[in-house]
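The chain below stands alone, shown as structure tokens; this is the form predicted on its own.
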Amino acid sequence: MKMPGGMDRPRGLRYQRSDFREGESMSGHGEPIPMTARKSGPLKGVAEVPGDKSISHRALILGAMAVGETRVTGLLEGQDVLDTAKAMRAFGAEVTQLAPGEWSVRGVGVGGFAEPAEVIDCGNSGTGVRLIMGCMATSPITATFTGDASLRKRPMGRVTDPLALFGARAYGRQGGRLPMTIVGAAEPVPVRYTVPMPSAQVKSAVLLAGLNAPGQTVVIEKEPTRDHSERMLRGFGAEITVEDTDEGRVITLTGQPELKPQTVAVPRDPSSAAFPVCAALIVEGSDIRVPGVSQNPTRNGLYTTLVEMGADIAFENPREEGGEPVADLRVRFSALKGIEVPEARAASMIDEYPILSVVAACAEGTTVMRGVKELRVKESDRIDAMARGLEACGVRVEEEEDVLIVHGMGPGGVPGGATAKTHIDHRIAMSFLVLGLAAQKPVSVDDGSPIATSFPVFEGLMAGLGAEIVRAGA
């Protein structure tokens, strides 16, 4: 059988084009779960949010590329990370859950991946699929990747283009979309690559590919992005340097190391913490604590922005866990003011703009968010999804390709009373459910099931704080 472009299908693949009919989900998310949030009384208590998703993915992947047993505690057990664990097993690593949040990974070493027998389904995870493509692209094996309907719409060329420089080949649907087969490079060469857009996923995929290439692989970032990969690679024993130059942030990795197994303590995810934090800020009378949240400077843009808006957030007991700075947050209801968010901050808070737009709707004045076009190629077009949902709830919004402007209605001023379309996007779903806690009338979402991909305990955690969020028919 011929692959796209007329080439023969690589040997060993076991799929048919009919396996991937457009619009079907292969990640097992199941039927939609409509949900509704109603105006709540003050939120109180402790919000113990899950482990960081970005670090959880990387701990499993680097554990699989090390020689020996890596132990991971605090691992996020959302569907995205579980799909990465399953993928690492398919490449030959032994990945075992020992207890809730505690996992063992017995790796096969750099260059030791086996060719998977079946298609790798990464569900809803853009991070998972792109990082996994990178880590196998410089081994002489072939793998086919797919995901749910949302992931199959997302562009993969941003990763496969630099992977081709190593010698890997990619065969996918029109527009560089999944399903996609990657034929790894039998004789990889090192690469010097300037990332054309701020993307930690692209940077990390290139660095992971560089592990099994001889010599030095160099990645240049014009704008710094989250640096979990660099920190963790160094922790696993890779030779990696980071230098700020006139050219940008230059990351140099020496290939073909023997990675040493580690004990990784995953800090709590600042992107997940954003939801209870922002809920407490906009629900009158709230006072909550969120312990052990990562304060990595490449991830804390939202918290800097919230403080500038007037948020009452105390960062207590700062310390380091698992090579990452963390702190305990105390958050109280605040009268917030709209601001202009610096464009240079976008990379450090790209996943948090949906929930920030909810906070902006509950603030006084106008909030302007620039440099946000990357949101259009996330799990959904998040700019459009938030704009349409906020408008349906009575909030005035303006948008351009790279700009989102929200005209705030003040505390308790958002009318609500609408159902937002989530587009199979966990952050859109959680953002509108948080809005419903402060709006005058209930706010619903058409499907809350994607929340399980990143924050499987969201409902229970929010209920424990006093939030009224219910499933349809409950």
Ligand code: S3P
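Since the model is a prediction, treat every value here as computed from it, not as a measurement. The numbering used is simple: start at 1 and walk along the sequence shown.
Beyond what is shown, the protein has a form predicted together with shikimate-3-phosphate (S3P); the following relates to that form.
Of the residues given (200, 265, 213, 393), 200 alone sits with a heavy atom within 4.5 Å of shikimate-3-phosphate (S3P) in the predicted bound form.
Contact with shikimate-3-phosphate (S3P) in the predicted bound form, defined as a heavy atom within 4.5 Å, holds for exactly one of 221, 324, 230, 351, namely 351. In the predicted bound form, shikimate-3-phosphate (S3P) lies farther than 4.5 Å from every heavy atom of residue 152. Although the partner is absent here, residue 158 lies within 4.5 Å of shikimate-3-phosphate (S3P) in the predicted bound form, judged by heavy atoms. In the predicted bound form, residue 54 approaches shikimate-3-phosphate (S3P) with a heavy atom inside 4.5 Å.
shikimate-3-phosphate (S3P) is not drawn, but in the predicted bound form it has a heavy atom within 4.5 Å of residue 58.
The candidate stretches are 46-54, 62-70, 438-446, 415-423, and the one lying within 4.5 Å of shikimate-3-phosphate (S3P) in the predicted bound form by heavy atoms is 46-54.
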